[in-house]
Structures are given as C-alpha cells and as structure tokens.
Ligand SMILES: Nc1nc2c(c(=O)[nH]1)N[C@H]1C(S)=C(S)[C@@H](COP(=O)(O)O)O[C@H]1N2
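Here's a solo chain for you in structure tokens, the form predicted on its own.
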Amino acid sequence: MQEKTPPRGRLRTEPSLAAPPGRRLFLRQLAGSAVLGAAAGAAADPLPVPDSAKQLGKPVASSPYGQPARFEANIIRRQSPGLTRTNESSIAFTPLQNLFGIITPNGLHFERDHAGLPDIDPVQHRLAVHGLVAQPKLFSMDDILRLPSVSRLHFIECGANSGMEWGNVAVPTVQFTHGMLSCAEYTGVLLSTVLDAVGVDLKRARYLLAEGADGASLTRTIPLSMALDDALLVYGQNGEMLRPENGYPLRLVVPGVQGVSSVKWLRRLEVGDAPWHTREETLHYSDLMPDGISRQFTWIQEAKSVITSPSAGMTLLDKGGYYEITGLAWSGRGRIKRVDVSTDGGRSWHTARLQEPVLSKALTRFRHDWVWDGTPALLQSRCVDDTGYVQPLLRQLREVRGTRSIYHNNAIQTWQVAADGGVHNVQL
C-alpha cells in the first residue's frame, strides 16, 4: 500500500492581477518570508556549496536507458493484494497522486493482463485481417510500419476502474481507487487505413473481432463504426516502441472505450455482421443490474474526474495553509468542458482551471486554489463534457445500477481531510 506523503509542490507563484484571493494571500506571505530570509542572512555565511558541486558526477550515459532519480524509487506501479487469484491475471495500478500534467510515463502505465506477458518476436509477428472483406490479408510489422502513421493523445481506462468502490470504501488511496487509468501519445496507423486495404463489405459488416496473441487469446467485439472512426493500430507509445506489458509489438487502441477493447499483442481482426459474445463480453465486463439481468456491451467510458492531490493516504502538514487542489478529468465521448471542485462535500461548488491542452478522449488536468482553515473538509470534483453529460453522485449511480456491479463506476469521489491533516477515502 502507498506510504503517507505530503502533496507534491505544484504552487503557481507568478504574480497575477487576476489571482484568486487565496493565492494572492499566499504570494504575499511567500514574498514576506523571502524578505525576512534575505535580512536574516545578510550577516550570515553565503548559501553553502553542496557536495554535488564539489566533485564530478557520473559520466554521460552511465545508464544506457535513463532511470528516475533514486529519491523517486517509491513512485511505482502497485498490485492490490488479493485482487486476483494469480499474478499472471492481475492488475498493476498507476500512481496518479505522483504524476504531473496528463502524460503517463511508459514505466508507470497501468497494466492489466489475463494470462501473463507473452514474449513476441516482431519479425515473426503477423496480423491477419479477414471475414467479410474482399481480400483477406496477412500483415507483417514491416508492412504496418510502412503505412502512413499518426500520433494521438488518448486515455485508456479499464472498465473495472473504481469497481472496488461500488459497495463500500474498499481501498485507501487514489492509486487503488482510480489507478487503472493512463494517458499517452500513441503512434501507429489508423485502423480505417488497414480496413480500406482489405475492402470491407459495408453492406453486411457491422462488427469487428479483435484477438490478442497472449495465452488467454483475449478477444473483444468492436462496432465497425468505432473501428472506422478513430481506432488505431499502435506500435509506438510516448515516442518509443510499446513496452511488452503495453502490447508489444502491436496493439489496438479504441479511444474512449473501456480498456479491454484496446486489445494488446494484436494478431487477428475478423469482420462480421453480429457480436461474437466472447468470454470477456459475457462472463466479464458486463453490468449486473438490480433486476438480475446482465447488461452487455457497455463500450463508452463516461465522463469522470478525481482529485489526485490532496487525496487519500496523504497528510497536509501546513494547518491553515494554502494548497492547490489538482486532479484529472476525462470523457470517452469527447472533451472536458468544465470541472467543479467542492471542499464541503458538495454543498457549494467552484469552477476549477483547466490546464492546456484540453483534448478529445484524453486526460485533462484541472487546478483549484484552496486555503485550508484547519477544520475537517470533504473534497470532491465533478466534471462536465462537451456533450453536456454531468458526472453523477454515487447515490445517483446506485439508484440505476444497484450495488452489485463491478464495472463502469464513474461516480464522484470524496476525500475527507481530518483536523490532523490526514486524508481518507470516504463515501457520501
């Protein structure tokens, strides 16, 4: 589990005539401290020279592949103990509380496997495209790399993200409540380019089956309309080849759709006229409704947000001090239009600042200034996307879905700040 750490420093210190009162107060206090520090140090020794400035450092490229600083060793993906029966069919969660901006580093991208990591030689790997097409084809990686490429920023969120919170508070930190979520720059080929090359029978074709080359042969049905829209055949992530845990050498990315549809280690695409009702569409990734009926094919990840700092597991050290509340918002239907933040459990709301860039089907970073008065507080965020969809309260979601669900929980998350500064996961 995550250690308790104070929020990372993300204060905006530049003076601004439009700065909110809380930030102006903080800037005045900061300026006063700087003046006092200068006066006190006038007769003292100058700033000591650090040991690092007295000797040569490590040589260039001392590590052939760059690694984080040793002081950042605690910022890692983590498995939730007991979540799955085997390590090969498990989940490693992204440390959202430690990240800046909207891009997830490749080494911290969440990982969900169904049968462990396959070891695939890209020279031998092939992608078959067949079914209701005029000319079935077998593509090598060289074939795909020669096709026109595009790069797009998109989030991928597991359909089970926040699933442990349906019934009650289950986990202690944002890494475990929302960490099945990442955002990256993906480079590859538009899936429509490959489908055009094989000549899809548009009169009969309605769906696509994607199959991976892992031990589970994971397969998912995808509507042809999504496949022809913005879906990608991806080989690059954040400027380098995919990592093995992220689908090397080839994966599917279906923007805005639950992560299981972005099949990793992609080996086969079959065009058909009806859904396949595979194992991962019937036994899993379906929604058990209150009347006992299981709802299948919930593709879109609806608008959702979460405050990542301050968040559960952290401790606010400066009682009555200034803090910047920050977090992430996203929608599988398009762009985030607005994010509101509450510090009193939803009794009042304040519009947060959206940090550029604000992109379609990508994470959006939001920020809000807060001066904590040292009394208990309830922190929440609520997002609205450009279709007008408003992120629901947990009770609103439960009224429709009940409490026996696992998947597709996009409810408002609440963090409780106690008088001692400790931040905890609670439900209202």
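Quantities reported herein were computed from a predicted structural model and do not represent experimental measurements. Each residue number is its position in the shown sequence, starting from 1.
Another form exists, predicted in complex with the ligand; not displayed. Remarks below refer to it.
For the marked spot (397, 399 and 412), a heavy atom within 4.5 Å of the ligand in the predicted bound form is absent from each of the three residues. Of the candidate stretches 255 to 263, 170 to 178, 342 to 350, 128 to 136, only 255 to 263 has residues with heavy atoms within 4.5 Å of the ligand in the predicted bound form. Checked against the ligand in the predicted bound form, the residues 302, 214, 287, 165 give one hit for a heavy atom within 4.5 Å, which is 214. Of the candidates 99, 218, 209, 224, 218 is the one whose heavy atoms come within 4.5 Å of the ligand in the predicted bound form; the others do not.
Contact between residue 158 and the ligand in the predicted bound form is found at the 4.5 Å heavy atom cutoff. For the chain shown alone, residue 245 is a contact residue for the ligand in the predicted bound form, at least one non-hydrogen atom being within 4.5 angstroms. Among residues of the shown chain, residue 114 is one whose heavy atoms approach the ligand to within 4.5 Å in the predicted bound form. Within this chain, residue 110 lines the site of the ligand in the predicted bound form, having a heavy atom no more than 4.5 Å away. Although the ligand is not shown here, in the predicted bound form the stretch 197 to 211 places no heavy atom of any residue within 4.5 Å of it.
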